[in-house]
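Just one chain is shown here, as structure tokens, and it is the form predicted alone.
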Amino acid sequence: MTTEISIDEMRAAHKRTALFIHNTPMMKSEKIDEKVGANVLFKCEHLQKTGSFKARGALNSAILAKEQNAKGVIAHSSGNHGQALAWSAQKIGLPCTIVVPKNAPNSKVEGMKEYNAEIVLCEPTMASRESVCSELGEKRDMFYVDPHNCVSMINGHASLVFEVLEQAGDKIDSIFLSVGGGGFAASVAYSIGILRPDIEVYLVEPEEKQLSNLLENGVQCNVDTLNTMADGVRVAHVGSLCEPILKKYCTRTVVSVKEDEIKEALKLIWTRMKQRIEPTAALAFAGVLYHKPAHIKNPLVILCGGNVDTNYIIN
């Protein structure tokens, strides 16, 4: 298993996974452009395998685990990572166990089960998730795939960047993405920082996260789990592999949004674009809709996922 985050490893991961994942489309809306006052492009990762970008890193991780003769893969997840890893393991013939907090959205839990993952419930805290996962993984000799702090995940996610640069590299001046544990953010920030440093990467967070205080002052958020409708980014702290990358490339490009702003962004995508994204994807768009810096004229928003309960209503 590779232990290096690098452009070469990212390219290798892209080649390794390309036959199995979607090269997701770009979309735009004239009405949204008018409202934002910019030319907004959307990278539609909610149309990716398993409904989120997580399939990219998870498949890379599962393939590498199988090459190392792992007896299976295990992870903790509130939904998207678990679904992606379960799909990946099923695709290449590995057993998969997912440790799931009791408050995870039912649609995401059902999605994991559909990919034949064994579900083990835990308390909705990071400490519980990690301890249960560690104990089971050691007992069963399974390869642990951390949803955020994992080299193979970070390298695997970068396939999205190669697609973006090919699809719209000459049309964008910035990328806005939702940030949780930091694995995806680190992947995009690192690869864009090396390949296209002229493109700014903005990390959009629920305001309780206070990532700027960590990147600028070294002060961690004082809670482990965020109270936000964006359930995919409730993890309050970024991983140790991710933090130095984000400090290098994104210290002054963190955007904090309010819950009402996420809700209004979600409504706009649902009604204007007819795309049923999940609240975590709307978080990234809220950063553009309400907090876009004046000099940004051609932002790209990554719609990171679309796994919403079928009975979910925007109140």
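Just count from 1 along the sequence shown to find any residue number. Note that the structure is predicted; figures quoted are calculated from it, not measured.
One more form of this protein exists, namely the form predicted together with a further copy of the same chain; it is left out here, but the text below deals with it.
This chain lacks the partner; the member of E118, D173, E216, E114 within 4.5 angstroms of a further copy of the same chain in the predicted complex by a non-hydrogen atom is E114. Distance criterion of 4.5 Å from any heavy atom to a further copy of the same chain in the predicted complex singles out M273 from the list L289, M273, V255, A70. Just one listed stretch, out of 247-255, 48-56, 62-70, 279-287, contacts a further copy of the same chain in the predicted complex at the 4.5 Å heavy atom level, and that stretch is 48-56.
With a 4.5 Å cutoff on heavy atoms, N311 counts as touching a further copy of the same chain in the predicted complex. Within 4.5 Å of any heavy atom of a further copy of the same chain in the predicted complex lies no heavy atom of R196. Interface membership of R140, defined by any non-hydrogen atom within 4.5 Å of a further copy of the same chain in the predicted complex, is ruled out. Among residues of the shown chain, M27 is one whose heavy atoms approach a further copy of the same chain to within 4.5 Å in the predicted complex. Contacts between 77-97 and a further copy of the same chain, taken as any heavy atom within 4.5 Å in the predicted complex, involve only K91.
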